[in-house]
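A lone chain, given as structure tokens: the form predicted on its own.
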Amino acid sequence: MKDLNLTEKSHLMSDTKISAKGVQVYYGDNHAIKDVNVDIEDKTVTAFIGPSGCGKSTFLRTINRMNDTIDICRVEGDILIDGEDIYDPAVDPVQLRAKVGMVFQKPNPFPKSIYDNVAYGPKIHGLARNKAELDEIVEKSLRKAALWNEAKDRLQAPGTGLSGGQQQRLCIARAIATSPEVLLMDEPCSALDPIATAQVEELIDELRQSFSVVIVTHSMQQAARVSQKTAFFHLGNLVEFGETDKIFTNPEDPRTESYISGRIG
């Protein structure tokens, strides 16, 4: 029995979902990310904070290989999800992005119906065998994105006809419809009003029960409200990473302290 407990213990201890080792990102000659090492936990919201141009969005995009779409971009080092190297040549980026959903700064619903926006991913990845299964995935995703009650009677209406906050929740529903394991959010509230922001923040807190959520945010208040772990980036370096409370109340690095207190930024 003792062995079993040890095994269980090590399993409980190894709840790392994403592991980055020695990650460097270059745009041509510009060294945008410098030797980042970080372990991101499952079922946790991790916030990336730091001044504009510090590399937080660039690093976020290495986690689903969005940087592959930029010709002059080069990524070095290792990024593992569940121990698998996502930059291995055998990995299909399209399949990877089904596993790692992404929500962007501005809501960007497809010019399709609400239903088709959510059904798009499951359709192309063959996740539903028939219309009934697709209906179920759409409903489940809209419920998880807290949009079902507002959208259920207008599923065939265009997604672009929703309000900004509803459009962003539709994009979240679209991102989670392929049952990803990781959800990346690049400043998902920066284009939203305070009420819509509060709704999305509440939603992020619920989503972490199912996903590892990584959010880039300019708002330190938002990072403090929604995340359990925070990473502070400055000039392409990961300066400090740890429990959100500790980063905000008792940071170890003077650069973190300067940013939190508003002296740099």
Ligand SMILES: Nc1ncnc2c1ncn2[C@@H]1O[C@H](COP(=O)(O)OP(=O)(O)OP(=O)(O)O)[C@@H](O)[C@H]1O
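Keep in mind the model is a prediction, meaning the values are calculated, not measured. Numbers follow the displayed sequence, beginning with 1. If you superpose the two forms and keep the largest set of C-alpha atoms that fall within 1.5 Å, you have the rigid core.
Below, we turn to the form predicted in complex with the ligand, even though it does not appear here.
J.: Exactly one stretch in 221-229, 38-46, 56-64, 192-200 has heavy atoms within 4.5 Å of the ligand in the model of the complex; which is it?
T.: In the other structure, the partner sits against 56-64.
J.: Three residues, 51, 70 and 105; all within 4.5 Å of the ligand in the model of the complex via heavy atoms?
T.: The answer is yes; 51, 70 and 105 each reach the ligand.
J.: Please determine whether residue 239 contacts the ligand in the model of the complex, using a 4.5 Å cut-off between heavy atoms.
T.: Residue 239: no contact with the ligand in the model of the complex.
J.: Taking the ligand as it sits in the model of the complex, is residue 30 in contact with it (heavy atom to heavy atom, 4.5 Å or less)?
T.: Taking the distances in the model of the complex, the answer for residue 30 is yes, it comes within 4.5 Å of the ligand.
J.: Is residue 116 close enough to the ligand in the model of the complex to count, meaning some heavy atom within 4.5 Å?
T.: Contact check for residue 116: no, nothing within 4.5 Å of the ligand in the model of the complex.
J.: Report whether the minimum heavy atom distance between residue 187 and the ligand in the model of the complex is within 4.5 Å.
T.: Yes - in the model of the complex, heavy atoms of residue 187 and the ligand come within 4.5 Å of each other.
J.: Superposing on the rigid core, I want to see if residue 37 changes position between the shown form and the other one - specifically a Cα shift of 2 Å or more.
T.: It does not, since the residue 37 C-alpha is displaced less than 2 Å between the shown form and the other one after the core fit.
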